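Next up: a single chain in C-alpha cells, the form predicted alone.
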Amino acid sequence: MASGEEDGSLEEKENNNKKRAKSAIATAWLTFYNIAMTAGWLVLAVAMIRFYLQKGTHKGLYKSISRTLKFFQTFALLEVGHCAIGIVRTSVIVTGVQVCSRIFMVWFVTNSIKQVQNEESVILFLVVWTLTEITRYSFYTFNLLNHLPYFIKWARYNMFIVMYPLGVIGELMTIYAALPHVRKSEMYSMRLPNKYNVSFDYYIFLIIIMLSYIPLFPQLFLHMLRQRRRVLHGEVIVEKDE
C-alpha cells in the first residue's frame, strides 16, 4: 500500500510540475505578446500625432499608417486562439466578434474603399482604437507582471464608457460613407448567372453589418460594464446560462 501511495504522490507532483511549466510558458508568451501590442499601438499613436503636426490635416493620415495598422490589427487574431486553448479566460465568441469586426473594418472597408480613407469618421475610430488598445495592452502587461498601477486599471475600466460608443459611431459612419462607392462599383459582388450559381451583394451585406450593431453593441457594452463592476467594485457577477 505504501508503494502505491508513493507512486500516486510522485505522479501528482509530476502533473503539478507540468502544469506549472505550461503556466510559466503561457505567462511568458502573453507578456511578450502584450508588450509587443502595446509598442505597436504606441508607434501608431506617435505616427498619427507626427503626421498631423507636419501636415496640419487628417487627409492622407490613414494611408501613412495603413501598413502598421493592418499588421497589428490582424495580429490580434491570436487573441481568439488564446481564448480557444484556454490560456486566457475570456469568451471566444466575445473576443472573436470584437477582433473580427475590427479586421473587417480595416481590410474590407477602409483599406478596400479608398474613397473613405480621408473621412473624419475614419480618424475618429482610429483615435479611439489607438487610445483603447494602448490602455488595454498596458493593463494586461502590468497585470501579468504583478505590478499594475491603479491609474491604468482605472483607465481600462472607465475609458470604454466614452470610447466604445465613439468608436461605434466612427465605424458606422465610415461604412455609411462607403455605401455609394460600393453600390456604384459593385465591388465584391457576384451577379447571376455565373459558374458558381451564387449571388452576393456587398452593398446589402454592409447594410446588414450596420444593422448587426443594434443587437451586438448593447451586449458587448453591458459585458464591459459587468467587468467594470467586478474589477473596480469587487461585485460578484453571476452570468446567466444561455
Partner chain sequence: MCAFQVEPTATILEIKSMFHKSSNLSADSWTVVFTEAKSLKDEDILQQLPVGTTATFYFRDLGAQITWAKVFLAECAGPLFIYLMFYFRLPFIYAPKYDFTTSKHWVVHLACICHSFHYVKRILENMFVHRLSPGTMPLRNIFKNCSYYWLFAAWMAYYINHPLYTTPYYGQQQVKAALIIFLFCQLGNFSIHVALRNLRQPGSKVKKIPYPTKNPFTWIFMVVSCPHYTYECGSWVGFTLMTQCVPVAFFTLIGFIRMTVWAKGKHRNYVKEFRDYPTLRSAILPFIL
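Numbering follows the first chain given and starts at 1. Just so we're clear, the structure is a prediction, and the values are computed from it rather than from any experiment.
Heads up, the form predicted in complex with the partner chain isn't pictured, but that's what we're talking about next.
Stretch-level contact check against the partner chain in the predicted complex with heavy atoms at 4.5 Å: of 24-32, 208-216, 186-194, 42-50, the positive one is 186-194. The partner chain in the predicted complex comes within 4.5 Å of no heavy atom belonging to Gln54. Using a 4.5 angstroms threshold between heavy atoms, Ile204 stays clear of the partner chain in the predicted complex. Although the partner chain is not shown here, in the predicted complex the stretch 197-214 places heavy atoms of Asn197, Val198, Ser199 within 4.5 Å of it, in sequence order.
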